[in-house]
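There is one chain below, alone, in structure tokens, taken in the form predicted on its own.
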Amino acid sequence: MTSWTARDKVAVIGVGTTSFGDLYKTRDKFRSDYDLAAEAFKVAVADAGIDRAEIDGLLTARVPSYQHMADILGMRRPKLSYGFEQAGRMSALAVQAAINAIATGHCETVALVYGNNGRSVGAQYGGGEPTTPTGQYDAAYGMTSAGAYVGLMYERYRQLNNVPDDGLAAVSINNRNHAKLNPNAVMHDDLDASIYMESRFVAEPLRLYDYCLINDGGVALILTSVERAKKLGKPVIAFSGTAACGDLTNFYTSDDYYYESCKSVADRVYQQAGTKPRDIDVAQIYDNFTPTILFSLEGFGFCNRGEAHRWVRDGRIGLGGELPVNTSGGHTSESYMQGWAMHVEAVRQLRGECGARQVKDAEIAQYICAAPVSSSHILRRIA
């Protein structure tokens, strides 16, 4: 197994988010994705307690041009600068790129910024032009969105594991319960089993509450060396492990629900960090659709294959449970910032800044994404 030499050498020193929701309706003027990213960046710089001029790397996501973003932020000559596509799997890969750049000495402090005004501009995740050479054949069967593909995977999972009709209810309700404790979450309405089961199908067997939100917002993170972070006076949140693995085809589906790619990531990230699933105090699990939480829990060894739909019941993934999951509300209730805000939540949990939704004595957090590129980080509060 390839060794990873950057354990506990890179830290997050600043995080920032905007408000989330339909921001065009709550402001007196339209705000672009650049505007939202810039606002989050300003918050993150203040949170870090550094001067903007100290940042010598810039990575962007979803905004169309990293060059224009740099100009807006006043970063004329960064040592590192490029942009990532909008896909949610890219949030972890961008963080990995920043970690590697800092650990290898290519730059000292990297800002990662993400802007999304999808709600204001009426973005839709499905029904558009095919994105792969075989997409036209998928479209003939209604497979025009990631939700349809995940629904297909979940139906296979249901059939093979005798999952009841309410197999996803506990996950959706858990997200909502946590969102109700998060002032910045989009959704605060009550959600219980009866409301969940009475909701309409979007792509059967996935119901309304199994889908991520389409909303506006910006997110930013600032990373630097642990050595430098220790001088800034805040809790030091370091990366103890990070890994990724692709499962790349022309389709969003994987007949093992990304199990093998997740297992590859899990084997490496736990070895790097010197941890096991039982050591994780809080998990932020990418949930563009709720089945991915089940797939992730199994792929990363929190429970046996085929058992996640039972494992998540009875408060196990809630605050005070064995593994608190998506403590900010996740993508189905807080916001759909494509993984970016989940990184922020992990940092805030380890700093003890989450108020009513704070996990007591949280020291180790894990970010997980099960997707065509599966990924994970383990973050730790260190002395």
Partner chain sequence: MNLHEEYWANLEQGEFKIRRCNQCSKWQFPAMTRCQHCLGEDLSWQKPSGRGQVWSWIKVHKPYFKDYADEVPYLVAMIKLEEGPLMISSLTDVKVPVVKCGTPVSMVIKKGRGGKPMPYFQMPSGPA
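Numbering follows the first chain given and starts at 1. Source: prediction; values computed, not measured.
Another form exists, predicted in complex with the partner chain; not displayed. Remarks below refer to it.
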property	result
Listed residue that, although the partner chain is not shown, lies within 4.5 Å of it in the model of the complex (heavy atoms), from Asp255, Asp192, Glu198, Glu85	Asp255
Heavy atom within 4.5 Å of the partner chain in the model of the complex - residue from Glu307, Glu260, Asp279, Glu155	Glu155
Interface membership of Phe251, the partner chain in the model of the complex, 4.5 Å heavy atom rule	yes
Non-hydrogen atom contact Ala139 with the partner chain in the model of the complex at 4.5 angstroms	yes
Interface membership of Pro205, the partner chain in the model of the complex, 4.5 Å heavy atom rule	yes
is_contact(Gly118, the partner chain) in the model of the complex, heavy atom dist at most 4.5 Å	no
The partner chain in the model of the complex: contacted by all of Leu36, Leu80 and Asn100, heavy atom 4.5 Å	no
Heavy atom contact within 4.5 Å of the partner chain in the model of the complex, the stretch among 143-151, 68-76, 222-230, 174-182	143-151
